[in-house]
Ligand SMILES: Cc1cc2nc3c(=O)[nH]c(=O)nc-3n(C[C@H](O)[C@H](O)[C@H](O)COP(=O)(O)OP(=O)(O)OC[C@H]3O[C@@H](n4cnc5c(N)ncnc54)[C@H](O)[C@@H]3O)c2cc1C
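As structure tokens, one chain now follows by itself in the form predicted on its own.
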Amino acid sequence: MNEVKDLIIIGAGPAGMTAALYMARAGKSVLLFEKLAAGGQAALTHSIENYPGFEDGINGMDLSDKMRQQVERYDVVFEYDSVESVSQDITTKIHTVTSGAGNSFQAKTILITTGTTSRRLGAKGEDKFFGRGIGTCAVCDGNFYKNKIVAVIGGGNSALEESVYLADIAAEVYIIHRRDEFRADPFVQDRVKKHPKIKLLIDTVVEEFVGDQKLNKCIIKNVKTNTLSELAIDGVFLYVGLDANTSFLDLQYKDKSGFITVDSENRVNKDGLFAAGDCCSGTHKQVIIACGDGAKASYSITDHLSKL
């Protein structure tokens, strides 16, 4: 069993790394869990244009790397593993985190900043072709579709921004959206509508993904006319929403959608369990908001530690 840390942070996205930075600078011992690579969903974004300080925007991976490098200047321990469970001793009030490798780590407080994962569509054939023509990260897989035809499903900022990114690689990009209006910012919508390689398929849903070894077309339906048609494509990217990465946490701490319920001080309960960032209920999924949430949580955690 390792030493008891002041804080274990689960998730090295913008919220988690901001909290780690604040807590380490306050002289607290911090262990930071991350199962993949630092940055979370932010690292999968081609260009972040609404984070202050970068007049031309910044690549999500580059921003994530800068955050990680800043945290590593301090005495923060990184543990690259998943988390299977979080528990607390009723008598000592010490929390125990059990990792995917079966190791146990202890701390006086826990901060959950696990973020989200891209939601799946649920259409016929999706499971068969996921990873073989269907993906959720244009930045990761976009180069596989150089001079090919791709579709992006969704209507928010992520869907439209990544469509612009893909249009610089692919021969043609279709945006498939079930409504006749987009949720994305007007600035992003204007950019999409003016791009000669992007075509909009509004009031449209995907009924089925079709192919042999790899995806080569999808069956689409116009929701107003119920008309079915085929769309020949080489790849599809899904941007249809986000699910919270909270499967390891007890149901009592989550809303019906799986997001963590916190109070105004980022407390999940009064026994040293906190949460911040995109995994929390009611938050806007933005990098700058996650950073602010992580900073706010650090003050609440510091106050909690001072009373132990």
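One rule holds for the numbers: they count along the sequence shown, beginning at 1. Model, not experiment: these values are computed from the prediction.
Below, we turn to the form predicted together with this ligand, even though it does not appear here.
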property	result
Interface residue in the predicted complex among Val268, Leu249, Met61, Ile48, criterion: non-hydrogen atom within 4.5 angstroms of this ligand	Ile48
Touches this ligand in the predicted complex: Ile134 (any heavy atom, 4.5 Å)	no
Distance check, Ala42 to this ligand in the predicted complex, heavy atom within 4.5 Å	yes
Partner proximity in the predicted complex: Ala20 to this ligand, non-hydrogen atom cutoff 4.5 Å	no
This ligand contact in the predicted complex: Ser82, any heavy atom under 4.5 Å	yes
Option from 174-182, 211-219, 161-169, 102-110 whose residues, in the predicted complex, bring a heavy atom within 4.5 Å of this ligand	161-169
Residues in 213-248 close to this ligand in the predicted complex, defined by a heavy atom within 4.5 Å, in order	Tyr239, Asn245, Phe248
